[in-house]
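Laid out below as structure tokens are two forms of one and the same protein chain, each shown alone and named structure 1 and structure 2.
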Structure 1
């Protein structure tokens, strides 16, 4: 099967401007992937906002937005249109260059981190060959033996992927901090400072929970990390690192400044926090950055702990394709379509479903949990999560070292993964149940309660000492 015309002359033409057709092809492939991934995400974000408002409404026993469009589907889009046409107000006394720069500094790192999200497998080998012959391109430029020997279904695939993601997502806090600083407003400044302090505290937990996964995979490359989890859900890193998974979830709430850790924009305390002085599209950019960040940390969690684009069960796609072609001669042409489906099921079904679960978790936590006080936030970050992460890392690395010494094949066995998971989860649950015993919980409740629980009827409750 082939296209009726060859695409090669197009790339030969473009190659005049880009020092060879291979460079033109690289640029075109990158542009197509950027358009699909970034464009697709931007289309979805208004619906995430609508979904968020709906879920929160349902938890609170009300139907939620349902005025614009069927089931309220146009609310998010109309919100965007409204913000776009609003007046942009720049207050007097702001530090203007930083004030204008800050929203961009929040959004740009989010988009940069988006480049690394692997939404599907790498196209290589015979499948790439088939694709190239379908498009009638030059196999010496693109193909198993050509200059471009593989097409990963992510915008880019550097070897230090996870380091890059950590670095870029931490830059995002500059936008928030600078917005708070440049606004010339005490509440905004407090919000910015809170955001940066929170980011510093929880970045450590985030990194500690990632190190275990990197040890298991033996690589920083996101595709290698996903490949180490191939072969069904019992291979996923969540089985080996359940405690790190919990830590990562808590840290990712803090990293994205979402409830219960949204102290940077705590409305009752800071009247909107770092974005108080922003209006119109600049305000919308902060929101956009927040939601893209949500999607990215969710995608990172999926990549690191839930097997990325792998489904619950491994399917032998080539065998299925062969079986379908053998049913009847009229199905003979279906082979490439089944193979294509095996590549598209990751980006189209599995990754959106897994990321959607985490988006739901973000929204559901916002509907359920109260906002932490600032000292409680720091307590949780430094006195609880950091030691747990360190202990988890020590146990994990110890068992991995023993495993590598015993087998000597440079790979962590499946049974070892399960042993690590069982030990760490057991220790964590035991600590949780013993530390937060009923007696201590009663004491904590007493400590944090402003008024004593049983003031007599008609009596003015005295402040607890």
Structure 2
């Protein structure tokens, strides 16, 4: 099957302005991916907000938004329209350049990090040949043997993707800190200071959890990390790094300032925190940046630990395509369509489903968990998560080194991954059962004057000192 007309003349014409049709094609492909990925996410965020309010209302046994449109579907969109038309109020005494810069400095890194999220595999080889044949393009420009030999289903695909994501997302805290400092408000300043301290505390844990995955894949490239998890869920990194997976989930809550780690906002304490003095679209930019960061860390968790765009089980798409074409001669032209469907439609369902699970986890945590005290936040990050992350990394790197010396093939065996997962998870559970939980229980009995099991019936507990 082919289009009734060729798109090649269009790129030949555009090539007059871009030093060749190949450059024109590269620019057009990049613009299409930006429009689909970034534009699609901007369209989805109002519905994520509606989804959050509906889940929270369900947990609290109330209807939630149900006035604007059927089932309240227009509520998030109308909220955006309302913020767009509201008056912008700039308080007296603010550092105006930094005050105006802070919202953009918060949301821009989120969009930059979004450019690396792999929403699907790299189209190359026979799959790219089928796409070129369908669009009737010049195989010498795009195709297995052309100038453009692959099309990654991400806006860009650098070899240091993980480092890029960590570097870019770390910039976002500067916007929050500057917003708190420039607002000339003591509550905003406290929120900014809390955000910066929180970022420093949990960025280390986040990095430690990622390093184990990088060691398993042997690459910083996001596509290489996903490809190392191909073959079914038993190959996913969550099987080899269950402790790192848990650390990453806790750290991503802290990195996005979501409950129970939203100490930078903490409405009962700071009346809104760093964005107290912002209104209209400037406040909306902080709101937008928070939700984009939620999607990014969810996508990174899916990419690093849950196989990315790979499903639970590998499907023989080539065999399925061959079977369909053998049903009838009239189905002979459907082979490339089935192959392209496996490359495009499958990931378009798998990736959003996995990311949606973590978005639900963010929302459900907000509806059910209480906010931590700030000293508890710091204690958890430095005294609990950081040592666990270091021990997990030492065990992982040691076992991987032994495996590579024994096998000598440069790849970590599946059995070795399972051994790493079993050892690290077993040590974590043993530490919790034998050390942390008993000490925590004793501390609770002391702080909240609970009756210990050892107390005799009718005996009153001693007052907490």
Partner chain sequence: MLVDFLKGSALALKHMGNFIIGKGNVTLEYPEVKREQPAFFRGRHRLQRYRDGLERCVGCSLCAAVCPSEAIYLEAAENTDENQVSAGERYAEIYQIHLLRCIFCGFCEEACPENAIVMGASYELAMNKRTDFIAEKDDMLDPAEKGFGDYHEYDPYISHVTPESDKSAKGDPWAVKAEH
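Residue numbers count along the first chain shown, from 1. We call the rigid core whatever largest set of C-alpha positions still superposes within 1.5 Å between the two forms. Not measured: the values here are computed from a predicted model.
Each structure shows the same chain on its own, and structure 1 is the form predicted together with its partner chain. When two forms of a protein are overlaid on their rigid core, residues whose CA moves 2 Å or more are considered shifted, and residue 438 is one of them between structure 1 and structure 2.
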